[in-house]
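Below sits a lone chain in structure tokens, taken as the form predicted on its own.
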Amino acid sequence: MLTLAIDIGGTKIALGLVEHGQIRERRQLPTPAAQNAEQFAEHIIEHCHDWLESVAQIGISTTGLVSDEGISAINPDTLAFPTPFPLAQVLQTLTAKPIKILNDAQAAAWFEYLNLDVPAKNMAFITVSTGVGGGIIIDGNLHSGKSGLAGHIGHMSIDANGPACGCGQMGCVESIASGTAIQRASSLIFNPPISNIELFRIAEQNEQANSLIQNSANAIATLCCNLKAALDLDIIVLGGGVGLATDYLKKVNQEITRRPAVFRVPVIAAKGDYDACLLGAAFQFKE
């Protein structure tokens, strides 16, 4: 059975044909400005119209807060959704296919949980990308909460005197560790500005570049230890463009080893690699 998977991020939308847990075909397009759900849905369909006849169902993973009414943005700086934004309902009307939708990191958490090498009861998935998101598994079940807010761990404040976050709080993990935060800090140091890809490339030889990345990794390590203290997790899975970048996971784990033993938790790389959220969109249909 073929599933059309749609992963909506702050800068790109990934589309995949998923069968038996594997991506058979994949496409990618820039994320358009979200004017309304109809415009957004039609833009997606335009790029995968030739797939629709062959798919049995559609799974969506998206940045933002997902509720019965639609998608809304906790941090509009990542991707601003006009509220309400009933994307799933509109896509169902346009395609006449069964549709499921989850926050992207929650969807990825479910995929990663089902694919752990060693079974666990309590797990978190953290994605460090344009923003910082997460998904939480408790006693083998995805915990999304009454309003869908559970797992938005990038908006845990870890520094009351830290930078302002787009969500309205100060010192959120996202405002310190995300790709957006790294880029913002980097632009104050390097002239002309360099991309995060270039920043990671030069980090081994450039102390300033390495320091920016280490600052992000330290914030994620703090988040991991806080989650261990709050939920007594067995394991944490790390993904996202920054989370999977060269040596980033190593920096996170090194920092965790410096914390008191009771708060340490093993952190591993996402099995779904850069497509954990896309695969998670399809795996919503695996109960």
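Everything numeric here is computed off the predicted structure, so don't read it as measured data. Numbers follow the displayed sequence, beginning with 1.
The following text describes the form predicted together with a small molecule, which does not appear among the structures shown.
- Heavy atoms of residue 175 never reach within 4.5 Å of the small molecule in the model of the complex, leaving it off the interface.
- Contact between residue 104 and the small molecule in the model of the complex is found at the 4.5 Å heavy atom cutoff.
- Looking at residue 79, you'd find a heavy atom of it within 4.5 angstroms of the small molecule in the model of the complex.
- At the 4.5 Å threshold, heavy atoms of residue 216 stay clear of the small molecule in the model of the complex, well away from it.
- In plain terms, the part of the chain that comes close to the small molecule in the model of the complex, with a heavy atom within 4.5 Å, is 57 to 65 out of 57 to 65, 216 to 224, 258 to 266, 231 to 239.
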